[in-house]
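Let's start with one chain on its own, the form predicted alone, as structure tokens.
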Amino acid sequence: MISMIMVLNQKGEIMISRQYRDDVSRVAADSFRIQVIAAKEASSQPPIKRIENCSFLYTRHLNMYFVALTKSNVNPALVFEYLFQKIRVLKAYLGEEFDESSMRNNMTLIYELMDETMDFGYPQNCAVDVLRLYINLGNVKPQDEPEPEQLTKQITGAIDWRREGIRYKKNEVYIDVLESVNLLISSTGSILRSEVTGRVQMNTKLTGMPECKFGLNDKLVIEKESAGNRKKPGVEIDDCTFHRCVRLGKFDADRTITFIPPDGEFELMRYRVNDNVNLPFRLIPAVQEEGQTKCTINLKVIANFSEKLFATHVVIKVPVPKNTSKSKIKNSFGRAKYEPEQNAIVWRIKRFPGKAECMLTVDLELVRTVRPKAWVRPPINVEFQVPMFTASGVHVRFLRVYDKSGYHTNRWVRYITKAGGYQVRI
């Protein structure tokens, strides 16, 4: 497995290193510094380098390189996951933007974390909540110091993401379904690419060690439950990835999402939907070039979601030729203005009602160039946010909480759809 972990600065100097096996040495760092950092290959080459029968797998945080060395045939995904988890743990202890100076000021803490998160080259416990129970900065002690027996269960038990003895006066679960719509439409109006990537974010405030059962309108589950009865068709969900608290065996068997949740905020799952995407906005552009000195752009925007909803922070960037000198803009609502640094008309609408239509008309005056070049016509870019709307059609069917005491749980669900790469060619 992993023989050594190093953290290097942008000069290639070793800030911290921890050797777990004796088949590599610190001398190997010189080879990495010369062939990767000094050669400036880190940004242009794959993050795996083979030097002198030693594999270097690395990732970057700010100006620091986190490097794993090994001479064995390891699983690269496992090594990179450990490096990412290592950075996540350090962010929890040192802050989101920890730098070289904060690393040097907390050497003892970092070496403790390196020893606890890996043993003889095998990744161990990387759960921040559990690490904080017995590794802290020295000046802050946990409010409820755990008993040694309980601490041992936390470290070695199967459920290391949640400790026992949690109590709340009100038991609540907050669920956020966050989606990002990616769209590319050709100049003729045909859809070249449309997909939705989503994630389910949860914030649990539950007493004890409850077991939760979570259900979406998954097509396979609904078809199985309906068994011939006519019900609303489900959504075909692809590429599901889950938090490690989810029991994957049950999901593979009957597509049920069962888990004992961590306390507080966590990401339950990610998914992707390619079929039957409900596009929030429809754009109809028309461009007319009159010789080399004039150009007219008309854009019609239609909101496809319900009139009960509205979009916020809508920004539509309509590209214009680089040799634009003057612009005359007419728009039905919102504010639109020509921004030369972006070579675009930027149209901002704070609140866009559902089923509404709006028009933008732009008359451009262009400067005549010595060597005329055809306008490349970049695509129109759209940014937006639509609360309580899902472009994929995914919605939460149920969340059941099972606990020995049988307490009542309040559940809150929120949907938010944002623009990913939402582009329309003109």
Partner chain sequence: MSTQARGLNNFISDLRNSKSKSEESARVEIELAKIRKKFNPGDAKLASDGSNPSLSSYQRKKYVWKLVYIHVLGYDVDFGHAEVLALVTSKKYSEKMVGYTALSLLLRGSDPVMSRVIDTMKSDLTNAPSSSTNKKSNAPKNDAVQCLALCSLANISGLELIQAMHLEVQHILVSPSSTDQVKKKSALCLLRLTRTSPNLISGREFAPHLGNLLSQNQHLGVLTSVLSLLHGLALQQTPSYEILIPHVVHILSLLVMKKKCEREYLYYQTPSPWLQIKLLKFLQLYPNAVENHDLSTTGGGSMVGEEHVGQLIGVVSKILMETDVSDSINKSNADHAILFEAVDLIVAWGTSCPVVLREGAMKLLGKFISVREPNIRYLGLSTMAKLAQIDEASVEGAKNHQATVLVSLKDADISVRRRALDLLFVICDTDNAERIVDELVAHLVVADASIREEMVLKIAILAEKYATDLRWYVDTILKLITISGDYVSDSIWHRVVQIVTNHPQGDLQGYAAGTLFVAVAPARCHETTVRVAAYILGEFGFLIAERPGMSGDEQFRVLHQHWFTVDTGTRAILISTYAKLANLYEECRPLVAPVFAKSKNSVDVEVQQRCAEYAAMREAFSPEAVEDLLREMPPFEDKRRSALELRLLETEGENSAAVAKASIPSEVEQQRALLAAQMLSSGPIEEDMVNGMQPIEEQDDELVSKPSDEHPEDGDVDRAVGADPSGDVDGEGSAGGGMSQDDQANRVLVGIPKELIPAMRKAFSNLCTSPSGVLFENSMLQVGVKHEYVGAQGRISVFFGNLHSSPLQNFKVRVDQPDHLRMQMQGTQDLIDDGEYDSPGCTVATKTQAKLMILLEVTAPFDDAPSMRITFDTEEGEHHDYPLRLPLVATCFMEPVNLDPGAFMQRWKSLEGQDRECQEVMKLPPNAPEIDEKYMDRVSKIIVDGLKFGRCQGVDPTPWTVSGAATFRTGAQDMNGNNINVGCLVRVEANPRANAFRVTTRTLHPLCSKAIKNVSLVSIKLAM
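Being a predicted model, the structure only gives us computed values, none of them experimental. Positions refer to the first chain, counted from 1.
Beyond the structure shown, there is the form predicted in complex with its partner chain, which is absent from this document and is the topic of what follows.
Using a 4.5 Å cutoff between non-hydrogen atoms, T369 counts as a contact of its partner chain in the predicted bound form. When contacts are judged by a 4.5 Å heavy atom cut-off, Q288 does not count as touching its partner chain in the predicted bound form. The closest heavy atom approach of S306 to its partner chain in the predicted bound form falls outside 4.5 Å. Proximity of R167 to its partner chain in the predicted bound form: non-hydrogen atoms within 4.5 Å are absent; the residue sits far from the partner. Contact with its partner chain in the predicted bound form, defined as any heavy atom within 4.5 Å, is confined among 167-175, 321-329, 306-314, 345-353 to 321-329. Residues from 334-361 that approach its partner chain in the predicted bound form with a non-hydrogen atom closer than or equal to 4.5 Å are Y338, P340, E341, N343, in the order they occur in the chain.
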